[in-house]
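Consider the single chain below, provided in structure tokens and representing the form predicted on its own.
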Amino acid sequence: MLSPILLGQAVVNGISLSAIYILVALGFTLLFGIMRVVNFAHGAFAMLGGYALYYVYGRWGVPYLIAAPLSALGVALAALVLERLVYRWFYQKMFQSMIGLLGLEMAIVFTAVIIWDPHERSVPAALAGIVEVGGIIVPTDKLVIVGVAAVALAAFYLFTKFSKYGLAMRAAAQDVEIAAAQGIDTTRIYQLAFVIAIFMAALAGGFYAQTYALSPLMGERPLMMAFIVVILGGMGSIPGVALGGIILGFAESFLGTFYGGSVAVFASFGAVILLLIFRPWGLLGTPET
């Protein structure tokens, strides 16, 4: 018989994982939806976000609610150098971007190995202690992570829905040539979308490093999870990312709790394979015409 407390614990873990997966996958699908770039270097930026949080919060003692967005913003702004030198050459070149940005991922990761060595570090918890509700134990740092992630996702939704630049981003995602003909500066819009995408990847990477461990090789799993989420939800679909992140987060939490981590990974990839066979455009995506 399943314990209600164990079920509740799995729900809490599922919410935390879903928040991280949605954040990291949202940046991934944003670059694809607007620029048709498959960003295989996404996990490297998540890793850099983890190291930024490690120093800004763990070493320099900046308050967490300031350190988390500040460290992610620092990574995103620094990445503008790579946007100018590397990414700009791959816009609207989906297949070329896969190879080129996979090389960039390897370059960033092994540079990080040289700088920081491959050993794991730990990022301090946002808050010490636990909250117990009906026998369900919730670490307070997970509550903070979910809260910050929720604020970031809400801000992104409001930005894309109601702001001038958000509407321009949506127009560029629909048809970049028509958007440019209407007077939209697509170069600036691409830069803005890039900064937002990397910001979310770095923010999610900080949360992931805090939940698990920090190392130069930690970006592989966030990249893999982002890829699974966008395939589940549909490439380029922002609502699909939310749905895919929730499905993956809760599936991993429940299957990992009751059957072990290997079963959770097997089920995740099994679901992706079935979806690619029967609905390759994802749950909320649209077929390419």
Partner chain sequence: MPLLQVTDLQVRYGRILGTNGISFSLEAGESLALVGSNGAGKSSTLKAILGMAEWPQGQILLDGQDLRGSKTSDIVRQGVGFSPEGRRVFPMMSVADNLRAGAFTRPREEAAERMEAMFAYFPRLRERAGQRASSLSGGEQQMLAIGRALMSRPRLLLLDEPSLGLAPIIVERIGEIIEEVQRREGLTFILAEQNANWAMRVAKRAVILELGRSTIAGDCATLLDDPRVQNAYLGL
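Positions refer to the first chain, counted from 1. Everything quoted here is computed from the prediction, not taken from an experiment.
Form predicted together with the partner chain: not shown, discussed below.
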Contact residue in the predicted complex, from 78, 213, 99, 178 (heavy atom within 4.5 Å of the partner chain): 178
State the residue from 82, 136, 171, 108 whose non-hydrogen atoms include one within 4.5 Å of the partner chain in the predicted complex. 171
Using a 4.5 Å heavy atom cut-off, which of 114 to 122, 205 to 213, 185 to 193, 145 to 153 contacts the partner chain in the predicted complex? 185 to 193
Just to confirm, residue 157 within 4.5 Å of the partner chain in the predicted complex by heavy atoms? no
Does any heavy atom of residue 89 come within 4.5 Å of a heavy atom of the partner chain in the predicted complex? no
Considering non-hydrogen atoms and a 4.5 Å limit, does the partner chain approach residue 95 in the predicted complex? no
Do residue 167 and the partner chain come within 4.5 Å of each other in the predicted complex, heavy atoms counted? yes
